[in-house]
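Just the one chain here, the form predicted on its own, laid out as structure tokens.
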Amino acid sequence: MANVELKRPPGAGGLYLKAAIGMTPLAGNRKKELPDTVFSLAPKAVDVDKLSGFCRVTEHTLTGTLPPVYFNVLAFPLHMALLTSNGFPFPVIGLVHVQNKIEQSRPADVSEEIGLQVSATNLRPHAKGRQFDVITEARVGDELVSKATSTYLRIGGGGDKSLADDKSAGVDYSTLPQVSEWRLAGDLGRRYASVSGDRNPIHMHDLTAKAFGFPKAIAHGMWTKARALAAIDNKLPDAFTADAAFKRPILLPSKVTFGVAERADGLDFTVRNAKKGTPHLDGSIVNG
């Protein structure tokens, strides 16, 4: 296993240029397997001004600890470095983020230096193509404080229809009590991009979103998860697992509802279209 250790996050401009080139023949031959490479970023203090901007956009209360999704924000340049690395099996533009699981062992203090590692694993078939996981590990010294698993789908060849979701299993998220309504402005994608670094064109403007098959710009899935976790922040223990499946995209501007119900070992939550009730995100918290 190769380890690429970076002293500072790679520049976003160069990474997005590589992402654009990755959609052309200039990208060269792609490998059939995921790279056996770990991208790591040396421990670094958190920029409180940037954290404050993230909290404003996601409606977190700025406290002495980092919001659970913020580790993904800190690691986003590493994600892009991995996904645009030479020979990566798929072009990064066109990947669909379908699920994200965060396993937090304890809150990280804003004053602590955070070291990050990112790797790709578990390439497997999906009903609509192939999927794989990007693993993000955040450490304080040698202590693992958060591990996130982001599952990406590449739509196309290699799909296995027998792997279609079993809609009869699990929680019926449509029955969760709706506790609040959120009005999302048309510029939400650009605002979240400015604090997360994720400037995928599908989030930035209607025109660029239409080039990729969307009628309007769409909200980031990780914004939706971060906003949902902010809404239940007072119910989260120090250690928990927050799993979320991204369903239909949120077209901007939009009005959505947030539903939540507690269980003995955690809670379930959902974000749905306020008018039609169609799901945008279904998630759960497991304590401990």
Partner chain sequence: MPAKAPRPVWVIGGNRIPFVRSNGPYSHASNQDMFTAAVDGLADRYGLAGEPVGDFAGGAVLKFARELNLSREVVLGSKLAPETPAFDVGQACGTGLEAAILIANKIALGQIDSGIAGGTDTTSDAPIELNEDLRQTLMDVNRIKDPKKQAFTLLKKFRPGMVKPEIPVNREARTGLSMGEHTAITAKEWNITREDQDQLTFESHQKLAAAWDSGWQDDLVSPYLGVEVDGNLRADTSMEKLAKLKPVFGGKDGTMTAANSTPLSDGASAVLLGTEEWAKERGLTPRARFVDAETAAIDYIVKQEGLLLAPVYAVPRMLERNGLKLQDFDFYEIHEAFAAQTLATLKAWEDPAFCKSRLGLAKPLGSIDRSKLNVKGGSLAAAHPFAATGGRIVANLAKLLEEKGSGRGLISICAAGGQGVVAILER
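Positions refer to the first chain, counted from 1. In this text the structure is predicted, and so the values were computed from the model without any measurement.
Just so it is clear, the following notes concern the form predicted together with the partner chain, a form of the same protein that is not shown.
- Proximity to the partner chain in the predicted bound form, defined as a heavy atom within 4.5 Å, singles out one entry of 111, 174, 86, 122, which is 111.
- Proximity to the partner chain in the predicted bound form, taken as a non-hydrogen atom within 4.5 angstroms, holds for one residue of 255, 263, 56, 31, which is 56.
- Taking the partner from the other structure, the partner chain in the predicted bound form has no heavy atom within 4.5 Å of any heavy atom of residue 44.
- Shown alone here, residue 49 lies within 4.5 Å of the partner chain in the predicted bound form, counting heavy atoms only.
- None of the heavy atoms of residue 248 is located within 4.5 Å of the partner chain in the predicted bound form.
- Contact annotation for residue 239: none of its heavy atoms lies within 4.5 Å of the partner chain in the predicted bound form.
- Heavy atoms within 4.5 Å of the partner chain in the predicted bound form map, among the stretches 220 to 228, 239 to 247, 36 to 44, 60 to 68, onto 60 to 68 alone.
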